[in-house]
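The chain below stands alone, shown as structure tokens; this is the form predicted alone.
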Amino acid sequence: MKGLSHFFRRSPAWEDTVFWSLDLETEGLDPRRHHILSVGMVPVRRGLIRLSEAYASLVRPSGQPTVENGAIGAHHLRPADTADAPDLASILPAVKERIEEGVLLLHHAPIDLGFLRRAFSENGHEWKKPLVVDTVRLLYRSASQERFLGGQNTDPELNLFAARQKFHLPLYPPHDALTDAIATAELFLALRSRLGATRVSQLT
């Protein structure tokens, strides 16, 4: 028990840590063959979402765009929308700078991490494997806590916007990278409060 309490004491307080919430809109879910079409990022500093520091950009895909059935319906971006956007190599330094400032905050982390790793590798940037907080994992923890306290014995709703409804968070239109990054940051703050986490180690 002493070792566990020492571990939590060494971990920084969550409000002293910068969390960069990130969302990617992509052509599909396979980073090996689909392209990033837009990126949105917003920081959480001292427990507050700093909209004035938000970063967002469309991304021009390299090579021939991949257009599959249902893809445009998911991200609402047509090839013409990104034709004049900067390419991935141009925006990656800005993304990298923000990721390396603190903790990376994602909703369903494996998907975005796959695209980020490929993007960094293909554009000559070292992938330093950032510390990640995944709101999907926090949703599972919240559901487990609720069951332990005698609440409903149900699996959590993992869709970002459906999950937000449980916490009475505002309704936003989906599938815009910056909007989704803000939505993830708001859900994170609600989950952090629900779980009573005080240290970063309790969130990762």
Partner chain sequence: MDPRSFLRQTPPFDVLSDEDFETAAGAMEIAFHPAGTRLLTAAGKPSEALRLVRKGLVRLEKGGEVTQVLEEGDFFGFSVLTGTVETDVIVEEDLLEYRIPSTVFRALLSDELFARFFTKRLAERLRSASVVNMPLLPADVLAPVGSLLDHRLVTVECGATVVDAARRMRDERVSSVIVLCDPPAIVTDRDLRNRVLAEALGPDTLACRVASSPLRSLPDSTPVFGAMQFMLEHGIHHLPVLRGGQISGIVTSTDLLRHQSHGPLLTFKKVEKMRGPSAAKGYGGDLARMVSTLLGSGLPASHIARLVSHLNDALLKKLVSWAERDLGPPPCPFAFLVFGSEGRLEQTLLTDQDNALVYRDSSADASTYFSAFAESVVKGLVAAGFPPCPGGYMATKWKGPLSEWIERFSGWVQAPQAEAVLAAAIFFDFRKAGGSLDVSSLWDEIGQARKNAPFLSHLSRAAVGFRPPIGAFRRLSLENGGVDVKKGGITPLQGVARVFALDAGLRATSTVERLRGAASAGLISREMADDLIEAFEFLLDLRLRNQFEALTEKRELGNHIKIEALSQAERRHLKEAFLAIRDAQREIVHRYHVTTA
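In this text the structure is predicted, and so the values were computed from the model without any measurement. Positions refer to the first chain, counted from 1.
One more form of this protein exists, namely the form predicted in complex with the partner chain; it is left out here, but the text below deals with it.
With a cut-off of 4.5 Å between heavy atoms, is R50 one of the residues that contacts the partner chain in the model of the complex? Close contact exists here: in the model of the complex, R50 approaches the partner chain to within 4.5 Å, heavy atoms only.
I'd like to check something about E186: if you look in the model of the complex, is any of its heavy atoms closer than or equal to 4.5 Å to a heavy atom of the partner chain? Yes - in the model of the complex, heavy atoms of E186 and the partner chain come within 4.5 Å of each other.
Tell me, yes or no, whether Y140 is in contact with the partner chain in the model of the complex, where a contact means a heavy atom of each within 4.5 Å. Residue-level check for Y140: no, no contact with the partner chain.
I'd like to know if P173 sits close to the partner chain in the model of the complex, meaning any non-hydrogen atom pair within 4.5 angstroms. Yes, P173 lies within 4.5 Å of the partner chain in the model of the complex.
Flag this candidate site as yes only if H168, T179 and A190 all have a heavy atom within 4.5 Å of the partner chain in the model of the complex; otherwise mark no. Yes.
If contact means a heavy atom within 4.5 Å, which one of 42 to 50, 132 to 140, 155 to 163, 23 to 31 is the stretch that engages the partner chain in the model of the complex? Correct option: 42 to 50.
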